[in-house]
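Below you'll find only one chain, the form predicted on its own, shown as structure tokens.
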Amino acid sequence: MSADIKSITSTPMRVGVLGFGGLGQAAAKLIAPKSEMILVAVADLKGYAYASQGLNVDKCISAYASQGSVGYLEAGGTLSSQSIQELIDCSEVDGYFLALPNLPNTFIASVAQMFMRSHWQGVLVDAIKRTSAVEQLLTLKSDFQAAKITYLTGCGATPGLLTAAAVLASQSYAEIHSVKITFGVGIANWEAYRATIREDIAHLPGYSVERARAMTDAQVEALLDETNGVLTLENMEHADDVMLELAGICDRDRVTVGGVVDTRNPTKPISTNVQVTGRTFEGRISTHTFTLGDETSMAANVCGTAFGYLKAGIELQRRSIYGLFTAAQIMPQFVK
């Protein structure tokens, strides 16, 4: 084992999760049994929890479920209307997974700027979806570098895992004709992923980020009743396009993303896959298809990928490599 690898694995990486809804809780559960990472910080809308030796994930989830915030945690919990800012100021964390709803569309960028203003140095990873949201972060690229922050964006399932797979698949071709991403998501109860479902609704014809954000739970329920709980999404504004363009794979207009979300059934309505079609140097046209196992949940595919990129980002940070990167530019590292 090289010295570089030893340096990053000998001491557990101290990580935090911002946002403790369905995705944030899944992230906490995923990281709990890991030895290379230890969850020390969590924040939600009403409070935060911090413990330098590690948080008890079950107690965090219990506090959130019973009282609405990890701030009620007996050991390490603090109630606050400025939870993210206060957590940044009082904690020592190597990197954060921003499991936050990007509603409004400028929210993630505003959180990133909060870290910069606090002179915090470390790694930030997000799983945001929209092209316009990633483009906002791109305007901050030099700011991240100056602040000595290593930021990895679009590191969920799509964009993220499937975008990275498209980069690998493209190596067989001299020219990429199309990248088609199709996803299937099955969840038993939409209320466990309120923010994620609202972001999906924003992609429907006649809806916008603002309209979806303003919808009450009752209005969301009424919409889902009309569709039997199923959302069919086509030609979405998904950051896979700008990420693949930045990576030099193909122009963004050759990338399409769509899918089906069933909010009342944990079984995926369709399989999730990415198809990369191109021309080889011999002049042959072919398609590579990478399909995710139907048994893997949205949470598994998003959170596993996010922490893989968080580990990669921490390695870059320790080599004094700062700035903004996407999931199409960096290889994620498996967290043991």
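Bear in mind the structure is a predicted one, so any value in this text is a computation, not a measurement. Start at 1 with the first residue shown and count on from there.
Separately, the form predicted together with ligand NAD exists; it is not shown, and the next lines address it.
Against ligand NAD in the predicted complex, the set L23, A43 and S83 is in full contact: each member has a heavy atom within 4.5 Å.
Scanning A239, A166, V255, A99 against ligand NAD in the predicted complex with a 4.5 Å heavy atom cut-off leaves one residue, A99. For the options A157, V179, V125, M243, the residue carrying a heavy atom within 4.5 angstroms of ligand NAD in the predicted complex is A157.
The closest heavy atom approach of A192 to ligand NAD in the predicted complex falls within 4.5 Å. Contact annotation: Y64 falls within 4.5 Å of ligand NAD in the predicted complex, judged by heavy atom distances. Although the partner is absent from this view, E199 contacts ligand NAD in the predicted complex, with a non-hydrogen atom inside 4.5 angstroms.
Taking the partner from elsewhere, M298 is found to have a heavy atom lying within 4.5 Å of ligand NAD in the predicted complex. Residues with any non-hydrogen atom within 4.5 angstroms of ligand NAD in the predicted complex fall in just one of 43-51, 275-283, 288-296, 27-35: 43-51.
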